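What follows is one chain in C-alpha cells, specifically the form predicted on its own.
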Amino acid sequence: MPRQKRKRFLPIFITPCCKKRNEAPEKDARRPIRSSPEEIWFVKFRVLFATLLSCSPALAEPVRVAVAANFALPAKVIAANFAQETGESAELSFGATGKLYAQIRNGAPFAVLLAADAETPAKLEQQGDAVNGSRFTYAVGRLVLWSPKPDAVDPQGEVLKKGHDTHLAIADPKLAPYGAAAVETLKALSLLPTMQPRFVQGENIAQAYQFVASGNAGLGFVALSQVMREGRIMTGSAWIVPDHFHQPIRQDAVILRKGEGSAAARAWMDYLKGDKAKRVMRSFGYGF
C-alpha cells in the first residue's frame, strides 16, 4: 500500500517535458511547448517587476535647511506638512543666525537658510554664497518678556521698572536678532544700565528660553513663537513688546549656493510662501 501511494503523487512534481517517459525523443522535440497559465503569469510578473525597477526614480535627497532657533517649532510643523503634501523631505538644523552664517561661510552643506533677520541673507547674497533673486521675507517675528510664573509679568511690562532683583535672560545680541531687539527695548526704556548686570546670556534664543523655563532666570526676552500656540500664550505671564521699541524683526529666507539647481530647495521655498505654511506661522505669533 505505501508503494502505490508514492506512484500516485510523483507526477505532481514532474515537469511537463518529462511527464511521459515512454514517448520517443524525436516526437517530444517536434511537440510545441505549451506553458501553463501559472507559468505565463509568473513570466509576466517578472517582466513587469523588472520594468518598474528600471523606471523608478532614485530616492530624492532631503533639502538641508538651516533654521534660526526662534523658528524651530513652526519649521518642524511646516516640514511635516511639506513632506506629506509634496513627497519631498526637509532636514532641519537649528542655531543662532550668526552661528549658522559662520557655518555656511565655512562650507556647511545647507541648501536653504531661514534666518532671524534680513541682513544675514543679504550679506550671503553679496558674498556669492546665496542665489541672487531667491531671497524673501517669510515672517516678521515678535519679542516677548516672559516668565513661567503666572503673575510675574504684567501686560505692560512695568515689572522691568520696579527694580526687580531677578536675573534677565536674553540671547547674545551679537549673534541673535532677538537679543539685539531686547537690548534696543531696554535702551528705549532707559533701563539698560540697570538691567545689564542681571543678564543671563544665551548663545541663541533657544538657550535664553531654557534659562527662564528652568528657573535660572526669573524673566527673559524670548521669541513669541516659543510661548504661543494657536494664538495664545500657553503658560506663565508675558508682555508682548510693542514693535516701536525695536527695529522690525524681519526674517528672510534664501537659497544658498549649495542649493542652486535643487528642485527640492525650490519646492521648499514655494511651500513656505503658501497659505498653509503661513497659517502655521500665524498660530505661533508671526506676522507678515
Partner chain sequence: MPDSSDLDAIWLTLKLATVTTLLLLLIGTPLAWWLARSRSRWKNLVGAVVALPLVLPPTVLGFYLLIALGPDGPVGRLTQALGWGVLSFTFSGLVVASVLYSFPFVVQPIQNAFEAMGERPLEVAATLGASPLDAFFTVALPLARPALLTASILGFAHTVGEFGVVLMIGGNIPGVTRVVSVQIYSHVEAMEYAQAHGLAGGMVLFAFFVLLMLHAFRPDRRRS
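Residue numbers count along the first chain shown, from 1. In this text, all values refer to a predicted model and were calculated from it rather than measured experimentally.
The next section is about a form of this same protein that is not shown, the form predicted in complex with the partner chain.
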| property | result |
| --- | --- |
| Location of the partner chain contact in the predicted bound form, chosen stretch of 258 to 266, 216 to 224, 230 to 238, 243 to 251 [non-hydrogen atom, 4.5 Å] | 216 to 224 |
| Proximity to the partner chain in the predicted bound form, single hit among E125, E203, E88, E184 (heavy atom within 4.5 Å) | E203 |
| Complete contact of G98, L175 and Q207 with the partner chain in the predicted bound form (any heavy atom, 4.5 Å) | yes |
| The partner chain contact in the predicted bound form: F94, any heavy atom under 4.5 Å | no |
| Non-hydrogen atom contact A108 with the partner chain in the predicted bound form at 4.5 angstroms | no |
| Contact of H167 with the partner chain in the predicted bound form (heavy atom, 4.5 Å) | yes |
| The partner chain contact in the predicted bound form: L191, any heavy atom under 4.5 Å | no |
| Residues from 260 to 288 in contact with the partner chain (non-hydrogen atom within 4.5 Å) in the predicted bound form | none |
